[in-house]
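Below are two forms of the same protein chain, given as structure tokens: structure 1, then structure 2.
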Structure 1
């Protein structure tokens, strides 16, 4: 009896040790997660612009697509005869002022897709709080236009629960380890095909296990800029580099195993 119990205990301890070693062996890539913002009721346009500029050029990852003008419109320079985004945003959709258009473009990016570009932008509310999004709007308005974002916009976002929900998304997905749920929560299908879902911006998930090993899939998730799949060079920089800080080791391994099995 005691011998059986000791063997069971040995198996349990051995299993725990293996998973602990596996978790510690996973390379962790240091990456930026948009820092939460906190403003007082008398926040100034200058404060919002400064915060929005830091997000646009830094942790928000906006320049990966909007700083080149090849994957998405360059928002900081003139477009044709129009000026930068703050000067042209009010003319994009009839009946919508600049502030409304910019905010909706961030939280419903599929609503307006500029002709000649693909719908590759993710919903900003999945990774940013209401304050962060409104700061981005203020910064973009300042590019050739008047800043109309006020403290009331931030307060309305908080009152509606947008900030709290988005702040949780910024820290990471839910606690689930179901790979299919994680892939949808992380909006991977915004760029990768998975069965009938998704877009063809990045390599399809179907058959990825026959193209890449589990180690290569893990590396591509943690450091997407390290190796670009042939034929997708023009989309380099689109995939967020912060999954190493947003996923737990168990969640990462669940996704890797799921994708590696798709032969």
Structure 2
């Protein structure tokens, strides 16, 4: 009897031991926590680049997509005919210099979607502080370009609390209530087709009034996750959920009325 018991114990512990050893024999990858950065006023570009590089390769999670070639554009190496990110960033959006473009790529990834890729890039302001985001921008700039991030950017980000606020101020909507202008300003056309204009990531605006009522359109803007347009399920969660807080009531109603009238 004791022999049997010991044999059973041996099988059980042996199996557990094999699994434990196996799991310890493979490469050990820990998922780190993004380190909170606190820079003083006279932070040097090198410090920023270093912090950014660490985030990029580690806790920032960027390498899960970038660097594999197919899922997201290469950043550290050339992408197609364009050079590495620091060299190509200024040519992406007309009127946007490299720094602005990179910052927006991180905090408003849906605003400009690189051709040939899906808009899956996460919004960094949800997980990172202003200083962390700016250090990433500095690191990316250093890849083939010149670093222009300064202490002033960091301070502005701190003052604005969230990093998004800094970008929001730059890209925030004006006081206009002209719906067509708002739609362009808010970059709805980055994802919706309006006439010949825009990209088709989400459903086109033309004819939207015949599919949805004004209430449904309002709901779709305020809470995009609440109901997903049929056929666009794979892009659920792509549409920014924050328009409700970025638009005034009058602006929102103007857009709703404008879209509802596009039968």
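Note that the coordinates shown come from a computational prediction; the quantities given were computed from them, not determined experimentally. Residue numbers count along the first chain shown, from 1. Take the two forms, superpose them, and find the largest set of C-alpha atoms that agree within 1.5 Å; that set is the rigid core.
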{"item": "Structure, 1 versus 2, that is the form predicted together with ligand HEC", "value": "2"}
{"item": "Threshold 2 Å Cα movement between the two structures for residue 61, core superposed", "value": "no"}
{"item": "Yes/no, residue 147 Cα shift of 2 Å or more between the two structures with rigid core fixed", "value": "no"}
{"item": "Rigid-core frame, C-alpha of residue 49, shift of 2 angstroms or more between the two structures", "value": "no"}
{"item": "Shift in Å of the residue 219 Cα between the two structures [rigid core superposition]", "value": "33.2"}
